[in-house]
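A lone chain, given as structure tokens: the form predicted on its own.
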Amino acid sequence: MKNAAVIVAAGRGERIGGSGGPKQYRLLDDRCVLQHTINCFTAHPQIDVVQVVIHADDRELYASHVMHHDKLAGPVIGGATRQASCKAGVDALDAGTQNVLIHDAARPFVSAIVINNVLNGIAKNTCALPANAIADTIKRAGSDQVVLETVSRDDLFLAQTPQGFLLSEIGAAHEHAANESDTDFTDDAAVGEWAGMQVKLVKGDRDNFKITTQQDLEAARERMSGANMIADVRTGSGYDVHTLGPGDGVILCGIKIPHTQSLQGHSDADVGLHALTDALLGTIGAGDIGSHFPPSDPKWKGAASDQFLAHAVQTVQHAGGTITNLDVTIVCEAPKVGPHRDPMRNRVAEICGIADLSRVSVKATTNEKIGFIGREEGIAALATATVCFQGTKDV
């Protein structure tokens, strides 16, 4: 499965006023709004490619304000309407893409949780739409601004982006709308509704606001530069050990290595993946591997440990975290880990959805013939995980 994000940045943003140019290129901290928005998606482990749609007049602005990233495709030129620009972005994606999330460039605070919610909500003939229930009282007024009635807010929601679709379905819907000359849709979910898709609401986030006015921009700048805030980066550690017994090989970090013995345990006794699982759970205070997969439960007898690590990854992602680094050290006298290091790193990266292999480290050391490890009675592993959460956190 390949997931793409289309970021629509072709608008003029005239309501923001001032002489700073289009709002997506106004600065928040030391980067423009668009760059912050792009970062939300390139940092997400389940997003494979980010496609930005820009105005024909903004080629130089884009080139000077946006940094290169391996996930970032070259920009495409939008059309005269938002709908036409969305179609241009969708059309630019390759056929190998299954899911697409379409997002406003002027929403730079979309969280990993919202992205997860949208990805999880996409299904055949179903659009996933992040939204929040309306909390304020709603009034309907006439042209003279005199209130005509109070409107019930029951069952009313404020729509946000990103809005998620199967690429084949939203692509066909946009093509059909263009052929029918229907161009008055205000968002992609409306195009989907028109084409017969069901629209499923998923939980949005009030921080995922759209910068429209100068006041919005100032609020965004204040949010970015809070005086008593720190980057929300967390580190967890893990340790595991298993005895060696009869067998023909050991499983370490998901790779079976031939050996004169095997690790003994309720599951496959992969100390590397067990230590990494505990390290990840530790970044969000979610207990340890035993509390999620009790050894007393027969269903885990002989289980492959990749499912334990995958569960920890999903738990962290649902909490809004992005894994930025994993480091595991194997402690044993034998077998030699060095020849298998790269396959082990690749397997960990695959389980965790990490594209950049430099963010996964596997090391090995002996115990200098000391203790039970030195006597080759067992193998241990130590692990550290670093996880970043979007935005900042109170000191």
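Please read all numbers here as calculations on a predicted model, not as lab measurements. For every residue, the number given is its place in the sequence shown, counted from 1.
Separately, the form predicted in complex with cytidine-5'-triphosphate exists; it is not shown, and the next lines address it.
Exactly one of the stretches 169-177, 78-86, 129-137, 237-245 approaches cytidine-5'-triphosphate in the predicted bound form with heavy atoms within 4.5 Å, and it is 78-86. In the predicted bound form, cytidine-5'-triphosphate lies within 4.5 Å of some heavy atom of R15. Residue contact with cytidine-5'-triphosphate in the predicted bound form: V114 places no heavy atom within 4.5 Å of it.
Within this chain, D104 lines the site of cytidine-5'-triphosphate in the predicted bound form, having a heavy atom no more than 4.5 Å away. At a distance threshold of 4.5 angstroms between non-hydrogen atoms, G21 is out of contact with cytidine-5'-triphosphate in the predicted bound form.
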